[in-house]
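In the block that follows, a single chain appears as structure tokens, in the form predicted alone.
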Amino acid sequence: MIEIKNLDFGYKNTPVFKNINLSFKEGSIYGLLGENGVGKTTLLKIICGLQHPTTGTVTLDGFKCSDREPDMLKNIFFLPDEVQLPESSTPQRYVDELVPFYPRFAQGTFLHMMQELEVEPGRRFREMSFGQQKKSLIACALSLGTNYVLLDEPTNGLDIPSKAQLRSILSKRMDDNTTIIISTHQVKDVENLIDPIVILTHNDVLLDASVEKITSRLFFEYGGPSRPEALYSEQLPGGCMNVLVNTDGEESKVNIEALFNAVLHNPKRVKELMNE
């Protein structure tokens, strides 16, 4: 488990996190959401030990992340949004260079994922599109055998069929011992995949809840009239998307974009609802 306790972090005179507390448990694909600049990528780097907290602690299975001990590093992989790749190399060579650091790497899994993502493992990176390079890196990240996989904007550069392929291989990769954290602003790409959902804002965690808990507290109404009592309302073809307080225990399907906007517009009220 990843545990973040009383985390403070900032760049020079610019605070990013103030007394943040979070935990990421096994067996889940977390969605890490927030507006640009709130620190989503920074948080992933802190978890990997690439950035150090000003105060507070961040641990992974008892290891202090900032110490970057080999026994911790072999069990976590962080895939940034952009990676500078050696143009003359290939995905197979790239992953071969990582294998000594990741003892649970599965070559068969890597090749299967490359096939499912429709990328040739022996093709040079310079001969690939950005999307093909991205899919190669995702296959690499998911085949190293780590229990923790951190993906920063994994759907950037992917076309619609590739996004569906990504969702498929992420679902297959999950088990009770795995924690995947997806940082993204393209929430529709992973809407049916992420659970729990974490929403960050400057210096605060606005939401940290499972989909089950969210739908027990909030009701997502599709196609109705605009409601003045709604936490968020958006006009769509055929009616409005309303996010309402779920006073009657009705079931509904989460719309993550609407949820995100409801949280940003009513942070205090949503926090109160989630803490009831």
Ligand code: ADP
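What you are looking at is a predicted structure, and each value in this text was computed from that prediction instead of being measured. The first residue of the sequence shown is number 1, and the count goes up from there.
This next part talks about the form predicted together with this ligand, which is not shown.
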In the model of the complex, which of the listed residues (I214, L231, I47, V38) lies with a heavy atom within 4.5 Å of this ligand? V38
Tell me, out of V16, I256, A262, L22, which residue has a non-hydrogen atom within 4.5 angstroms of this ligand in the model of the complex. V16
Using heavy atoms and a 4.5 Å limit, would one call T42 a contact residue for this ligand in the model of the complex? yes
Here the chain appears without its partner; judged in the model of the complex, the stretch of 59-67, 241-249, 223-231, 29-37 with heavy atoms within 4.5 Å of this ligand is 29-37
Stretch 226-261 - residues with a heavy atom within 4.5 Å of this ligand in the model of the complex: none
